[in-house]
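This document starts with one chain, in the form predicted on its own, laid out as structure tokens.
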Amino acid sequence: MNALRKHVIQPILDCWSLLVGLKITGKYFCKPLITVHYPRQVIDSENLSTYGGHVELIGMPKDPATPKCISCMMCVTNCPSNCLKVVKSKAPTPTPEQEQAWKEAEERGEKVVKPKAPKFPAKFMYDYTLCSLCGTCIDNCPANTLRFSSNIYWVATSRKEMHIDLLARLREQAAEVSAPAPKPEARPAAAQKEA
């Protein structure tokens, strides 16, 4: 019985496994190619939306150069890779004239309202070399100010370039949005397939 199982039944089961694998291979072998030959073709915007690159800030709707970030530090606290560094903005230092006016107002019994620190961060640094792209910072942000970049053409030639100042990048993106973008000469991949 053991010899029958070893020499007859087991080879049949092994062939069945091979046929199942060949069926899957054949299914994808007959589908059209999805590979894009980059210099001649570019990826269409439908596929760009699904790409998740490095983390970037989202700007305010009325002022795209100002981040929606409220410096709550939830992204820094929850990041398992410790790749985010946020420095809160400090309250502006009062001038001697303002301090004198506040003292005089307090002596008269008036309520003094001192300027508060702005909510947006003074510095927002991101180390892409440490990031695991888990998205924990994006999920935990209460202001929804973080997202994955959809720029698939971003290239870094050194480790220094992978230490990104997200506030500076947000300002650059806002300047690009305000200026008209040049149209690429390469045709989208879908148009190449139709031609």
Partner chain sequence: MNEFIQNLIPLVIAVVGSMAWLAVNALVLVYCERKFAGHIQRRPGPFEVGPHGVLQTLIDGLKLMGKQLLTPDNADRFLYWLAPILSMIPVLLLFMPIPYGPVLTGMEVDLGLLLILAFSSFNGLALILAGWGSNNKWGVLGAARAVAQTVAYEIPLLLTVLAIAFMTGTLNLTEITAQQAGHIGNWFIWKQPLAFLVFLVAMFGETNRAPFDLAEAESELTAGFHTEYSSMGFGLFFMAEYGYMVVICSICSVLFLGGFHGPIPGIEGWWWMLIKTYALLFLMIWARWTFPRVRFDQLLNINWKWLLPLATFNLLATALIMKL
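Positions refer to the first chain, counted from 1. Remember, predicted model here, so these are calculated numbers, not experimental data. Think of the rigid core as the biggest set of C-alphas that the two forms share within 1.5 Å after superposition.
This protein has a second form, the form predicted together with the partner chain, left out of what is shown; the following refers to that one.
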Non-hydrogen atoms within 4.5 angstroms of the partner chain in the predicted bound form: do 11, 22 and 25 all have one?
yes
Within 4.5 Å, heavy atoms only: does residue 18 come near the partner chain in the predicted bound form?
yes
Wondering, does residue 62 line up within 4.5 Å of the partner chain in the predicted bound form on heavy atoms?
no
Verify the contact flag for residue 50: yes if a non-hydrogen atom of it lies within 4.5 Å of a non-hydrogen atom of the partner chain in the predicted bound form, no if not.
no
Could you confirm whether residue 160 comes within 4.5 Å of the partner chain in the predicted bound form, counting heavy atoms only?
no
Candidate stretches 132-140, 152-160, 166-174, 35-43 - the one whose heavy atoms come within 4.5 Å of the partner chain in the predicted bound form
35-43
So, does residue 172 move by 2 Å or more at the CA between the shown form and the other one, with the core held fixed?
no
Hey, does residue 26 budge by 2 Å or more at the Cα between the shown form and the other one once the core is superposed?
yes
